[in-house]
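Only one chain is given next, in structure tokens, and it is the form predicted on its own.
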């Protein structure tokens, strides 16, 4: 375990330094991820000016988006397409450790570039942040990161079978946007659809931590949200392990 953590740290440090030469691209990438929550903040604040928790919700959603989005269709699917994954498979550790290191480096850059945007929104809106709600949302944010990582990883691994992995990952991101509470807060969904959205993995990956941080949920809803996160974490962990093992067998059999 210690060796694995050390390797992840080495990969993260190396990737962070490598990406320093792509600072312009990183700024564009991070600002692109900020657009949707910022637009939601502007639209819903104007539409419902008396609902102060909506401003808090979308600022929290921006933080969640920056902390949970992963570019695995590029960092993992592309090596599969190029055949360079074979170089990683012969190393004495799993290629997933390198992927994890890349994701940690990515998080650092997203925090560095995204923090001024979050700070500016907080300053301009003067939204109330309840410390107790923020602390209660932190475990949900951590679980959301893991669930979304596994979800995106499973989609990116379809590169073992198809040339459309980028489109599949983009489709997953679209569903997350539509059902996860970004396009419309889940609390404003009509009742039948709201129940489905609350129990979906998309809420677990995006909307739930923001809703908790904004104080939009009661205690029972928070407990149920955490329960669904645990369920989807287990589901995607199993799916990812199965897809990875099947994909690697196919990759090596074909000639990788």
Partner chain sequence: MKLLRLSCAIFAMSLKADLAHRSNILFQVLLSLAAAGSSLITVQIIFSRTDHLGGWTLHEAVILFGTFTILGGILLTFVEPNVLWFHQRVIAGQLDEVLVKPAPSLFLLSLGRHAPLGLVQAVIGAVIVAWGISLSGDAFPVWRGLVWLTLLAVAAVITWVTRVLVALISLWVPGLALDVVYDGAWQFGRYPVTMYRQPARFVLTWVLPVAFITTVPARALTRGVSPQLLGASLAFGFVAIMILRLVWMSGLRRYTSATS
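Being a predicted model, the structure only gives us computed values, none of them experimental. Residue numbers count along the first chain shown, from 1.
The same protein also has a form predicted in complex with the partner chain, omitted here; what follows describes it.
Peer 1: Looking in the predicted complex, any heavy atom of residue 100 within 4.5 Å of the partner chain?
Peer 2: Judged by the heavy-atom cut-off of 4.5 Å, residue 100 is well away from the partner chain in the predicted complex.
Peer 1: How about residue 104 - does it come within 4.5 Å of the partner chain in the predicted complex, if we only consider non-hydrogen atoms?
Peer 2: It does not: once the partner chain is placed as it appears in the predicted complex, residue 104 has no heavy atom within 4.5 Å of it.
Peer 1: Do residue 94 and the partner chain come within 4.5 Å of each other in the predicted complex, heavy atoms counted?
Peer 2: It does not: once the partner chain is placed as it appears in the predicted complex, residue 94 has no heavy atom within 4.5 Å of it.
Peer 1: Though only this chain appears here, would residue 86 touch the partner chain in the predicted complex if you measure heavy atom gaps against 4.5 Å?
Peer 2: Residue 86: no, not in contact with the partner chain in the predicted complex.
Peer 1: Which residue among 142, 120, 183, 135 has a heavy atom within 4.5 angstroms of the partner chain in the predicted complex?
Peer 2: Partner contact (heavy atom, 4.5 Å) among the options: 183.
Peer 1: Using a 4.5 Å cut on heavy atoms, which of 223, 230, 196, 42 is close to the partner chain in the predicted complex?
Peer 2: Looking at 223, 230, 196, 42 one by one, just 42 meets the 4.5 Å heavy-atom criterion.
Peer 1: When the partner chain is placed as it is in the predicted complex, which of 104 to 112, 149 to 157, 169 to 177, 122 to 130 ends up with heavy atoms within 4.5 Å of it?
Peer 2: Stretch with heavy atoms near the partner: 169 to 177.
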